[in-house]
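The chain that follows stands alone, in the form predicted alone, written as structure tokens.
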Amino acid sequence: MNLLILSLWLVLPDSSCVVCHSDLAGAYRESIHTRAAIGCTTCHGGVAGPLEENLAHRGLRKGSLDRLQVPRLCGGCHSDAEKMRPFGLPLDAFAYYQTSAHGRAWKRGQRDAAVCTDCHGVHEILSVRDPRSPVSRAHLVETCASCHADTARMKAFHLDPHIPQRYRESVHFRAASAGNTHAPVCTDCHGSHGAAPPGVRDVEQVCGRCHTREATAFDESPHKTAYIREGLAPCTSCHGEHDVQPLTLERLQETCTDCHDENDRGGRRAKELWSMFYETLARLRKAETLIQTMQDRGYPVEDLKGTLQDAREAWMVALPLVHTLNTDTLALALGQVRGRADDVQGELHERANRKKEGRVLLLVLWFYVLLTIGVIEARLRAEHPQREQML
């Protein structure tokens, strides 16, 4: 008996199964179930302890657990308050699963429907807080993609297998990959055990959990009632679903013209909003460029960097207000940005002028100093001509 199997046997007598099933010993050792003293027989049946096959396999569930048995088997423990209380785990995982797209397919008897072990693993089940876990934030996208990028498997459910790749092209994925733990991954929008696509009327609520200012601004816009009337999904109709990209002025103009002609009321409003943002951003960029140029030339600018940062923050506050489509609201917010950017430019121009004036005064001073020296020298020569001849 090797040391791995012996150590497992000593820690958890129920793991006598690994004496024969040694290929599973490594995975079983890492499992959170092992640390919780949950052994093989809890799931597979049989008798713990005996090493004789006929005794150990008495009451064994024949063969490997069938896929369609897995959710109910896992749910048997994970819905039990007494069993879950020591671990502080929720009791609703199985209930939520049954409401999910996965669970509904499982109820229909579809064998390709995702069950617990597809996401969490089989024998090496790790805590969601363990960075090695397939359901940790670091690995969740690839775990979902293992099924949702499978063309053959998705064909049976009439789902697009390119969704995971489109998500990988999004601003959300780039932020998540850079370590931003607030950037959404699959479960943040779709749910985990209750995973399902949000309904049209639910999209704003889902996006609004993170984008609170945008959601509040959208509630004030004429788009709100128009979207409800037309049965359109807020947020995703303009920003896309999985391949969400950051807002740029170019995308703002392009997105609005998807629905509006440039000469209708909506098109004219879009052009007006675009002009307001463009002018403000141009002034902000000019202030940023000027402050860098002046710093490179040796001017003191540290005190103005704070004002410039205030302008940037005011810009970020103003951006969500585009969802209101209210030009008065936006004019007020963007005015804060322009005001701070103009303060930076005005102060830098004053400092440049003061420095220029200082240089002129310095030249004038030196001129008078040299002129005075020349006059004094000429007078001395006139008063002491013999001294000049001697020299």
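So that there is no doubt, residue numbering starts at 1 and follows the sequence shown. Note that this is a predicted model, so its numbers are computed, not measured. Rigid core: the largest C-alpha set superposing within 1.5 Å between the two forms.
From this point on, the text means the form predicted in complex with ligand HEC, which you will not see here.
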| property | result |
| --- | --- |
| Distance check, residue 109 to ligand HEC in the predicted complex, heavy atom within 4.5 Å | no |
| 4.5 angstroms heavy atom contact with ligand HEC in the predicted complex for residue 289 | no |
| 4.5 Å heavy atom contact, residue 333 and ligand HEC in the predicted complex | no |
| Ligand HEC contact in the predicted complex: residue 348, any heavy atom under 4.5 Å | no |
| Every residue of 280, 310 and 329 near ligand HEC in the predicted complex, heavy atom within 4.5 Å | no |
| In the predicted complex, the residue from 135, 304, 276, 294 that sits within 4.5 Å of ligand HEC by heavy atoms | 135 |
| Ligand HEC in the predicted complex - contacting residues of 235-254, heavy atom within 4.5 Å | 235, 236, 237, 238, 239, 240, 241, 242, 244, 245, 246, 247, 248, 249, 252 |
| Core-superposed C-alpha of residue 328 shifting 2 Å or more between this form and the one not shown | no |
| Core-aligned C-alpha movement of residue 339 between this form and the one not shown reaching 2 Å | no |
| Threshold 2 Å Cα movement between this form and the one not shown for residue 50, core superposed | yes |
